[in-house]
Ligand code: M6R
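Take a look at this one chain, the form predicted alone, written out in structure tokens.
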């Protein structure tokens, strides 16, 4: 995610930028910085590894002289560990062109290699730095000699250099660029990452979201994908990436600054639920093709020889990540690779009997979960190799593991995990598909079918989210219930567990998740008249068995809420239905968990619980 700010006008840029970064810190908080063009058209650059308060102190000790145009950034690391060198803004070789960027540049290694051959020197490990050097190179190809040129004469050249640089990029980006030789203009561009322009009196603003500038103006323009903005103090012009002039009418923001941080949502959890199509896309991006091992070897240095040699996979995790691991076990076994899952806190004895033939997959959103870290150390002591699936660059887990696959979901503020869970499950599919092809367990044509269906998942999640009002209504009917039962079979059994965990975490009510076939082995005794039973009953090879389990629950007086797709609904008789789009059964957990997250959220909302900060819980459990 990360947070971008930009300002040009009659106010002191440093004050505006740092105030904006403080309001955007929820988007990223491992490093930050500002770049300002001072009164002598020289660059003032300050960066820190850490929070915005540390940057504020640094700037206060050595303030910029003059300076009414600048850009700022607070970072959530995706390429390169959190450090001052990797912090934004990034500069070109001559410290004249400066950039801040959100997103992921998929072809940055290719660009970096070409630029290095032409003499460019890189100072960071980030994908972002390649963009600023690319702009510098484009300026060279345009034969710019800025020594004696007026700034206004350089504006078209600066615009064209940035436009041409953007044309070479593959991936997602929101970016802002300034050039010390052209101090009366900031350029901003968007492709698959949000960017807003704030229209103020005496100046204009750029930000990842409007919370950064609501203090100054409520008039905003939201850039669309494929659009550039030339932002000056008195005016803003809009263009397509092809250079065609565009028209935009501003909207008036009705939110206050707190709601703006949440994108207009009441809680971070609801916002993060709605961000899940992007979470899946970000975890998949650039990783599915080719399925020959090239992607894994290039990105995480995992040799194909290791993938061929291992005899089984052992997944370790805690809490919601454990449920992602359970889904992963079904996925790996679907592709004929034996897999098992353990709570990291219960792994000590198992660790003693594993060896180098076992590949450990350790899953942790924060990368700091104490039980998971301890389990990884025990596994490595037994000779096993470890892949980490995590959302946090530079975390302890990334240093302990042999290989790291990042989920790129951005910071998750709500304590109850939602989008990080989707990212973890998606990472399991990425690994399992690559492993299956490399080991010869699946034909390439069949693998391509899975890839094509997996790429559709973000749109299916969006369609599921569109049914939110129906889920709100159903949740309202059961908001007074103190007991819930969640049931399913096969690969959706972990989703039943996750649905129960979510409602326990944020609504403080008793809930149990069970494999539906186990219901009559004890849990059926819990059911009495009116008890809500949420049954995942989408199209499946076990649908008839699930239908039978539903009938057993109904016979004991349960109110059954069935999660179905358009085909399975014909076979299920329930009190209430939540209809989701149909996908392959093996991929269905990615869709089926969405209504359970929303159901838990709306139950908690009705009970007036502190949804983003549930009692007794912490975002990362760093003690054993």
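Residue numbers count along the first chain shown, from 1. All figures in this text were calculated on a predicted structure; none of them were measured in a lab.
Keep in mind that the form predicted in complex with the ligand is not shown, yet the notes after this line are about it.
Within 4.5 Å of the ligand in the model of the complex, a heavy atom is found for not a single one of 361, 407 and 427. Between the options 169, 436, 497, 321, the residue in contact with the ligand in the model of the complex by a heavy atom within 4.5 angstroms is 321. Note on contacts: among 204, 78, 366, 211, the single residue with a heavy atom within 4.5 Å of the ligand in the model of the complex is 366. Residue 351 falls outside the set of residues with a heavy atom inside 4.5 Å of the ligand in the model of the complex. Not displayed here, the ligand is approached by residue 416 to within 4.5 Å at the level of heavy atoms in the model of the complex.
The ligand is not drawn, but in the model of the complex it has no heavy atom within 4.5 Å of residue 376. Interface residue remark: residue 127 is not counted as part of the site for the ligand in the model of the complex, having no heavy atom within 4.5 Å. Partner contacts here mean any heavy atom within 4.5 Å of the ligand in the model of the complex, and among 311-319, 456-464, 478-486, 192-200 they occur only in 311-319. Taking the ligand as positioned in the model of the complex, none of the residues of 449-469 brings a heavy atom within 4.5 Å of it.
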